[in-house]
Ligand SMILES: NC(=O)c1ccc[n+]([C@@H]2O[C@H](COP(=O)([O-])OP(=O)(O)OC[C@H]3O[C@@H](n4cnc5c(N)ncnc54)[C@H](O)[C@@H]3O)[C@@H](O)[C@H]2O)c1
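To begin, one chain is listed below as structure tokens, in the form predicted alone.
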Amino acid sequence: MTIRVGVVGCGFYAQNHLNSWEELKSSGAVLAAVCDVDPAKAEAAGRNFGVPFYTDAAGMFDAEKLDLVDIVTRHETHRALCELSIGRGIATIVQKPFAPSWGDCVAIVDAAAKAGIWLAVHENFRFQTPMRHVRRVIDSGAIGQPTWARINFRTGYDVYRTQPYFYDEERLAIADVGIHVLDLARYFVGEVRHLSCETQRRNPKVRAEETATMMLRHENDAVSVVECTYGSRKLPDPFPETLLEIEGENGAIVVNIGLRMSVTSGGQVLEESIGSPLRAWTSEPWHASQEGAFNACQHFLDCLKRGVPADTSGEDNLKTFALVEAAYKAAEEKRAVEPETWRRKG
């Protein structure tokens, strides 16, 4: 079964999506066309991957027979682009964050549900090889039911060099990387009853928060602490690694810098390396993130071909986006906040 893929957005991170679809050719993916409002970026991607290139998404959707569109643009464009693809009956993947607001996210999910269109969000941290290893250990029952966790992404890496628009974002740490770590808290520990949050702006050049510390009470009564910052001064800098500790009823998992995982179970401690492999088009230190993008695209392709929802379907990702909204509200109102919920209409 062949899936013809169109990619909207040919910027910095979109290169990982483009390379992923190209590599997935052997699994039935065909990178059919690319689009970017910047003519130079669109042409560069089109020539690099040998496909037609466009500067108008609607034009690409109308000209090409696409089975799937992968939207890798700024979040403020997501709703309009999703409505274009959904309106044409094309299965859709949209890069995180899903959209600028809860209302926009709900509108996209409602539109897909009403039209019966397959929809997924490219939330890729849970698809990174190290995080898959952690999930495997939890699923094995080695530590029992998780009861407490600390999950953090703390770096001082200069993310502003490749994404200078970060300086002027109204929302930064939670919306950009905190959303990933909050999704991992759901993935490892379970859904969230309420959360509290403290934000900091330690970098005077940045308009929004670049540090956030969140505490979550999960529906199973477990507690997790979720941390994210682009202002860390700690060395060695673990970028772009996610570090964590998860304690369960019968043991614990710890992922340390260098992606070394230790598992305490049955009175024994086992250690292993859980780093991501390098692919032909990936490079350090980005390879863990790049490989997560590939694994996510591979998962989406498989789910679409089988006609089943993705793990990070639009409906599922609303639960993660609701945590982002709750975190900002909790920080502003200085209290614990319950996340919003969504129910399918009809």
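Everything numeric in this text was worked out from a predicted model, so none of it was measured. Throughout, we count residues from 1 along the sequence that is shown.
Beyond what is shown, the protein has a form predicted together with this ligand; the following relates to that form.
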{"query": "Segment assignment from 203-211, 121-129, 139-147, 106-114: heavy atom within 4.5 Å of this ligand in the model of the complex", "finding": "121-129"}
{"query": "Selected contact from Lys41, His287, Lys305, His299, since only one has a non-hydrogen atom within 4.5 angstroms of this ligand in the model of the complex", "finding": "Lys41"}
{"query": "Contact test in the model of the complex: Asp176 vs this ligand, heavy atoms, 4.5 Å", "finding": "yes"}
{"query": "Proximity of Ser232 to this ligand in the model of the complex, heavy atoms at 4.5 Å", "finding": "no"}
{"query": "Contact test in the model of the complex: Pro97 vs this ligand, heavy atoms, 4.5 Å", "finding": "yes"}
{"query": "Tyr165 within 4.5 Å of this ligand in the model of the complex, heavy atoms", "finding": "yes"}
{"query": "Partner contacts in the model of the complex for 66-80 (non-hydrogen atom within 4.5 angstroms of this ligand)", "finding": "Val72, Thr73, Arg74, His75, Thr77, His78"}
